[in-house]
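Here's a solo chain for you in structure tokens, the form predicted alone.
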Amino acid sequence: MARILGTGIATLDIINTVDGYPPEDSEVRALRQDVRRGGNVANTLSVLAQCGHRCAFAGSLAQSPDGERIAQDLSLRGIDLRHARRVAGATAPTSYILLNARNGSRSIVHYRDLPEYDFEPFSDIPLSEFDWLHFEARHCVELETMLAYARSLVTDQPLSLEIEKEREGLEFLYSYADILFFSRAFALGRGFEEPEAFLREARGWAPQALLVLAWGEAGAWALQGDTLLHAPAFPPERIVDTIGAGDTFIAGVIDAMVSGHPLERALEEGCRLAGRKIGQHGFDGLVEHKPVFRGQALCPVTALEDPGSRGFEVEINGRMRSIFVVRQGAAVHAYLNHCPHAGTELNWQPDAFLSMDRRHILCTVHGALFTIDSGECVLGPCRNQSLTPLPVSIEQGHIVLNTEPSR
């Protein structure tokens, strides 16, 4: 389970399904109507939450009935809204969508009268707590400030950016991203009919980034350095609803990559999940086979450096407790975040539980050192005492807290 922050937009989508597009100045009946929460980043986060990740939304939410409807939907999906900006007296962004039942194509009329998310609330987010930062390219002048700020703080966490459509100032964003997700509509709008030609051109915009391009029924391509990769599409038996297929593709790629899978597998998983999406209405039930663990899944093993550490808040015996895990080679160890000397938590910065040489667990309050494999204090005021160990195992590439404390 990874901690993923998504910065972008959440909307109210009003979708009328029709039997073929009506001609101009005509009147038709809708076959069905769906009113649901939409928005690129919000859709991506809702799919990632289905995959079991802990997601947080950074964007503007109107304090209005429609805005509350959007917020409630996100909350019910387990998406953290603490970093959202609430705007009083505003109107929720709305997308009016005609969905063609014959082929799944859609036309959208957007109404936007909500101030965009800006740097001020973003600067209050503890970015180091997240394993992945994903952004939607919009409001580019302000977004550049956010990206530069994030880039100055995070080191190991990937920073991904979705480029869906042309916006003024896009060229100033490319250099900050580790991964750029492009849409086919964007590539076509730039005059490119072939994915490879577009990606080779885009390599000059962002030499440092992994470039990913979804191309609908033809699958998806990625350019990693000079290596071009391709994954086929996985079309459903019948195309039902293409709305949010690109957002779902991005979620599939992020889920696979943050879970430690290679890029080839990530592209395939993104295409597979997008294919499932266009075969149904909405986003519910997209993830068919969640990993089943014998305890609480904490995070993928690959989310920790070797050696490395990370803190968590978990429920133990009906009580929320602060714990941490340490990875050392192929082994992982977990302890209560509670020093036996003074009873304080060991760390003063998030996830920082190791000494400078990473050979011991460190209590930053009084400098006590503990062995990684047993938790025994070997230096400091609580010498010969030990941290409280917790039983953990590695299952399906994840660190899992199995039972209650052993003592």
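Everything quoted here is computed from the prediction, not taken from an experiment. Residue indices: 1-based, along the sequence shown.
One more form of this protein should be noted, the form predicted in complex with ligand ADP, which is absent from this view; the next part is about it.
**OP:** Report the stretch among 232 to 240, 94 to 102, 69 to 77, 198 to 206 that approaches ligand ADP in the model of the complex to within 4.5 Å, counting heavy atoms only.
**Re:** Only one stretch qualifies here: 232 to 240.
**OP:** Find the only residue in Phe192, Phe172, Trp215, Tyr149 having a heavy atom within 4.5 Å of ligand ADP in the model of the complex.
**Re:** Residue within 4.5 Å of the partner: Trp215.
Original post:
Exactly one of Leu298, Ala137, Ala245, Ala222 has a non-hydrogen atom within 4.5 Å of ligand ADP in the model of the complex; which residue is it?
Top reply: Partner contact (heavy atom, 4.5 Å) among the options: Ala245.
Original post:
For this chain shown on its own, do Arg106, Phe249 and Cys271 all sit within 4.5 Å of ligand ADP in the model of the complex, going by heavy atoms?
Top reply: Affirmative, all three are within 4.5 Å.
Original post:
Should His281 be classed as touching ligand ADP in the model of the complex when contacts are defined as heavy atoms within 4.5 Å?
Top reply: Result no; His281 lies far from ligand ADP in the model of the complex.
Original post:
Do Arg86 and ligand ADP share at least one heavy atom pair within 4.5 Å in the model of the complex?
Top reply: Heavy-atom contact with ligand ADP at 4.5 Å: absent for Arg86.
Original post:
Contact between Arg184 and ligand ADP in the model of the complex at 4.5 Å, heavy atoms?
Top reply: Contact with ligand ADP, yes.
Subject >> Sequence-ordered list of residues in 307 to 338 near ligand ADP in the model of the complex, where near means a heavy atom within 4.5 Å >> reply: Sequence-ordered list is empty.
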